[in-house]
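Just one chain is shown here, as structure tokens, and it is the form predicted on its own.
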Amino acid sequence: MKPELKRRLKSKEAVLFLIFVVIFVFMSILSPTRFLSLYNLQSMAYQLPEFGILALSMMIVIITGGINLSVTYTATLAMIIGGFAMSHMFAGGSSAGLSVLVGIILMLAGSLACGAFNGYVIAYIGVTPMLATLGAMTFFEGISLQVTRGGAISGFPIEFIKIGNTAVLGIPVPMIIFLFVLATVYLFLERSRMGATLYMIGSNPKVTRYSGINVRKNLFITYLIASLLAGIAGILMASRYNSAKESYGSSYLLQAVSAAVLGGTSIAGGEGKVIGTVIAVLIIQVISSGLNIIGLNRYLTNVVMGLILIVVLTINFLTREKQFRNN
């Protein structure tokens, strides 16, 4: 066997893919008629894109040594801002096309505003990412609740609803959008100069700064990009649910962190691959769907996800300690 092929087969991504196959087969054996049903597979295909995009958003931030605890509330605030305008324009007599266009633009603009807020506080004021985004999470949630009064915004045009609930040549539109986002993030992180800069910042921000790179500017842009991805996920969620509410996607926060870390992204920054995160998203989606089918309480599903995250973090820590001692 060639050394290059042998190295790839032993890579984290290859191991993760093997784990995915094993889990998929196991869930198929547990409940073949339900898990492998066309309805369940289609359901996963419609749910996975929004989760996958949020996981990629989280991955980008973690690579720089940060974290974004407000990622899901960025998505919901964006969908509420755009959804509010869209529903009111449509109800007021505006055409469906114009209402949808304005709504989507405002959703993306709202997510960018959230990213600018996080980026400025973290990059230019210097607040720790965990504390800054924890505060932003509460702030964004409060604004969302104030706008919706705890309810949901609905009354969207059918053209908008089709985005999250239709397919082209048998492929769900959300999956097509996800594949486009996936390719873009891959090229950005692993094939561009700025992507290499983000890995450098995560590995050693001080050395990166001394090498002449504007760390603050790059961090600011990182949170803008990550929040834009959250806004895209928000569009898919609002379209799939045919409404906008502050609680939508709240369970994705823990899962997004889990997917990024499980996929090989170092929580300390400077390490991680897009393909690893995508495989981890598939693993978590299959586990979540499988546990739901066999009737496990959804709160216990969160327990399982939390345990997976703790185990992965522990293994990664012990592996680094062993490598440090060997060196």
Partner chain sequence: MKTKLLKIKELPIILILIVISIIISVANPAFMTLENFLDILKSNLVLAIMSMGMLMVMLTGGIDVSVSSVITAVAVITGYSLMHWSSNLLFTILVAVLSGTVMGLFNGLLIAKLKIPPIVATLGTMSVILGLVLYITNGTWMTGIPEKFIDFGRKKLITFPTGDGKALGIPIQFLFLLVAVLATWFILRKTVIGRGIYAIGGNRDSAERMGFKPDRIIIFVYAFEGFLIGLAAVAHTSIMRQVDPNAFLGFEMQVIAAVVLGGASVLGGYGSILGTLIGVSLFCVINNGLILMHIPTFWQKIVVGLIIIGSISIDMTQKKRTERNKTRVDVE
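Predicted model, so just to flag it, every value in this text is computed and none were measured. Rigid core (definition): largest C-alpha set, two forms, superposition within 1.5 Å. Residue numbers count along the first chain shown, from 1.
The form predicted together with the partner chain is left out here; the points below concern that form.
Shown alone, this chain has one stretch from 105-113, 140-148, 226-234, 82-90 that lies within 4.5 Å of the partner chain in the model of the complex by heavy atoms: 140-148. The contact residue chosen from Ala96, Leu179, Met130, Ile171 relative to the partner chain in the model of the complex is Met130, the criterion being a non-hydrogen atom within 4.5 angstroms. Not one of Val185, Val274 and Val278 is positioned with any heavy atom within 4.5 Å of the partner chain in the model of the complex.
A residue is said to contact a partner when one of its heavy atoms sits within 4.5 Å of a partner heavy atom; Phe117 meets this definition for the partner chain in the model of the complex. Although the partner is absent here, Val121 lies within 4.5 Å of the partner chain in the model of the complex, judged by heavy atoms. The closest non-hydrogen atom of Thr319 lies beyond 4.5 Å of the partner chain in the model of the complex.
Using a 4.5 angstroms limit between non-hydrogen atoms, Ser258 touches the partner chain in the model of the complex. Contacts with the partner chain in the model of the complex, taken as any heavy atom within 4.5 Å, map within 213-239 to Arg216 alone. Once both forms are fitted on their rigid core, the CA atom of Leu16 lies less than 2 Å apart between this form and the one not shown.
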